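Take a look at this one chain, the form predicted alone, written out in structure tokens.
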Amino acid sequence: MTTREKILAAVLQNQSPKNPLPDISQFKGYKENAVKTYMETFDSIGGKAFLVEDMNATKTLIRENFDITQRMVTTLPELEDIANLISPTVDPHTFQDVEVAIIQAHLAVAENGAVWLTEQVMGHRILPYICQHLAVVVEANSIVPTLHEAYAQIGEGQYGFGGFIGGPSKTADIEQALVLGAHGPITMTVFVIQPLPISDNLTT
């Protein structure tokens, strides 16, 4: 047995006993307050959140809050009448003049206001970072209270590129001056879709 093999064998024989993973169940939040908490948190980090009933209400707010004469792109076929529907195979160099990008998130996190996006919903990984204004649609029932619960859902997923995005791009590390859009979108807007209960629909 060589010296190297003896060392490796000694290391193998002197392993620490395995310990169980810590119990993190206490980090679970309250699902019933997740939507309200998310919207308050997102507002506090510089974003703007709207609670909407459906995609038609989202379209109305997009027309009211963005310059629709500028280039708008989306990955959502439902918004094709107000924005250009892009293909995942499009050349990313053509995104340099995108004013507004509208995409859908897999989920959102109430405790920090972030949304979880993968390349699948981005259309192209550069899109949410190169546009001037980012708009994200998320279903209310996909909002989780904490990051622990978000990771429980995405931890074993099969995807390539993905990331959490929380609010507009900003930095304040130069003479304490807050700069928006330093590395990405100047603004970020989230449309939380929460359909009215059936009983409310019947009374309207």
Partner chain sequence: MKPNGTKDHAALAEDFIKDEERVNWHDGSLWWIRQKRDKAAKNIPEWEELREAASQIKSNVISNLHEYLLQFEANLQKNGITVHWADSAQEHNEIVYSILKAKGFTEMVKSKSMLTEECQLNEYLAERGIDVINSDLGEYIQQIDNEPPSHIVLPCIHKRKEEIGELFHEHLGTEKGLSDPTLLTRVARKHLRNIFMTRRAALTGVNFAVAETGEYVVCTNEGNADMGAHLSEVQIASMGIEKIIPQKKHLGVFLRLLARSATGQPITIYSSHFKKPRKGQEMHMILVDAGRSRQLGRADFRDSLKCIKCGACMNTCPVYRKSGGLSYHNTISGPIGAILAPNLDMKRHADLPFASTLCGSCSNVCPVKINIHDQLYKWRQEIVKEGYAANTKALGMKAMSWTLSSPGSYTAAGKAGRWVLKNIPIAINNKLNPWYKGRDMPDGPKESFSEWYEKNKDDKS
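Definition used throughout: the rigid core is the maximal C-alpha set that superposes within 1.5 Å between two forms. Numbering follows the first chain given and starts at 1. Small disclaimer: the values here were computed from a predicted structure and weren't measured.
One more form of this protein, predicted in complex with its partner chain, exists but is not displayed; see below.
Site annotation in the predicted bound form: the residue of N33, N56, T171, T69 reaching within 4.5 Å of its partner chain with a heavy atom is T171. Its partner chain is not shown here, and in the predicted bound form it never comes within 4.5 Å of any heavy atom of K48. Contact annotation: E64 falls outside 4.5 Å of its partner chain in the predicted bound form, judged by heavy atom distances. Interface membership of A140, defined by any non-hydrogen atom within 4.5 Å of its partner chain in the predicted bound form, is ruled out. Remark: A10 counts among the residues lining its partner chain in the predicted bound form, judged by a heavy atom distance of 4.5 Å or less.
Contact annotation for 108-147: residues with any non-hydrogen atom within 4.5 angstroms of its partner chain in the predicted bound form are E111, N112, A114, W116, H124, R125, I126, Y129, I130, C131, Q132, T146, L147, listed in sequence order. Relative to the superposed core, F27 undergoes a C-alpha shift of no less than 2 Å between the shown form and the other one.
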